[in-house]
Ligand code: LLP
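There is one chain below, alone, in structure tokens, taken in the form predicted alone.
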Amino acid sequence: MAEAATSPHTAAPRTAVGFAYDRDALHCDDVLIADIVREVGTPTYLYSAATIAIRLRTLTAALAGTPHALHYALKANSTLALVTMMRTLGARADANSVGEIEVALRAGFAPGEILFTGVGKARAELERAVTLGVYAINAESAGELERIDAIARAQDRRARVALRVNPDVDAETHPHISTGQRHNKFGVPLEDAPALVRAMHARAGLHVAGLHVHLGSQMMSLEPIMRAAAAIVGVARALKAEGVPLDHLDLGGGLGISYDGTPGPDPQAYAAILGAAARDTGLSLIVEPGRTIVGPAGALVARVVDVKPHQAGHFVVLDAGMTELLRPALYGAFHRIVPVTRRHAPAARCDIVGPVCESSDILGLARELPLPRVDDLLAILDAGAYGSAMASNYNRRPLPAEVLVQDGRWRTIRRRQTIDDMLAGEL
């Protein structure tokens, strides 16, 4: 069984992309999900390689008229096989920790293809990034720039840096994932940026390569992006007028996806805003997409372990919960939840909950479904971003398996964690 679960499996030639029903059975890229789960068990993350490729290529094509580099944000999903796939599709990497830098290197990215972002970079992380010679370090403060300068001069190097600017623009998203307002911890105030860039431009250990702005995650409106772009373009123009050279304009990521099945933001319109901003400065463009590429490509498949009536419906208890998918508990996030095998029966009100010893361990409230039975399989959709990447061992629960479906075949890309794996580092 273990050997079969880790080898490629063949299916009929693909005609559908992503997660879709065929005769009441849910498929991923035309591969029957029930067949996969029969071998790998639950809970399991499934990913559609075709969906990832289409979404990345769509954004790349939309930006084709602008000199640009697309750096995939590993924080959305850093599973090694998926990061490797991003490289083969032509993306570069955006890392938020030295751990993500190491994943990018193991996925085959050259140091010069890696951006290093993050609000609190430890000295050891900065030393590693400078020694490697990453494409740029997105610096968060004057103090961080001074530390990078000292590290680079000690190595007789010039480190490429970009200053992260906080434009005080509301991303119109959940407050926990909004990063571009004055009260957020990220970047330096807009009005302080020109003087800081001028000062750092004179440092022997620094090459100030660009300006960086990132408003937050899951943005469904393009208007905040337009306002942030206009703000940072103003800084770039002022610096250019003073003869301070820059190479690029990094407008971050954060483009949202639809979690309820309605249309999401238009990538063409998004690309038009970014492209216009970059052309206005004469600088090359950097974008850092994550969720918009991998979010719709993933689903978490879980098994019903109990069904309990309550005064307003039923608790449907799964073998997956906040330890596998934290977003609903952390943000009150909505995910569509569908049966892997549809049953034609009257709908019942179902509260889909997990097995963790927390009342916040909820995946979906008041969902109308034919009442599931114990051992039925449910799929939580649009879970490719901030799903496995935020999973934990709370309650000593092993991390789930992960499976990639590609070209009519599937393979395990991360085996299910065992108790021995979990305890390997403990004395």
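The structure displayed is predicted, hence computed values, not measured ones. From 1 onward, residues are counted along the sequence shown.
What comes next is about the form predicted in complex with the ligand, which is not displayed.
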Only hit among K121, R160, R92, R291 for heavy atom within 4.5 Å of the ligand in the predicted bound form is R291
Counting only non-hydrogen atoms, the one stretch of 327-335, 261-269, 123-131, 353-361 within 4.5 angstroms of the ligand in the predicted bound form is 327-335
* Are any of the heavy atoms in R303 no more than 4.5 Å from a heavy atom of the ligand in the predicted bound form? -> no
Just checking whether M390 would be counted as a contact of the ligand in the predicted bound form - the rule being heavy atoms within 4.5 angstroms.
yes
Query raised in the report: Can you check whether G254 is within 4.5 Å of the ligand in the predicted bound form, heavy atom basis?
Result: yes
| Is T79 close to the ligand in the predicted bound form, meaning a heavy atom pair under 4.5 Å apart or at it? | no
Contact check, 60-74 vs the ligand in the predicted bound form, heavy atom within 4.5 Å, ordered by sequence, gives A73
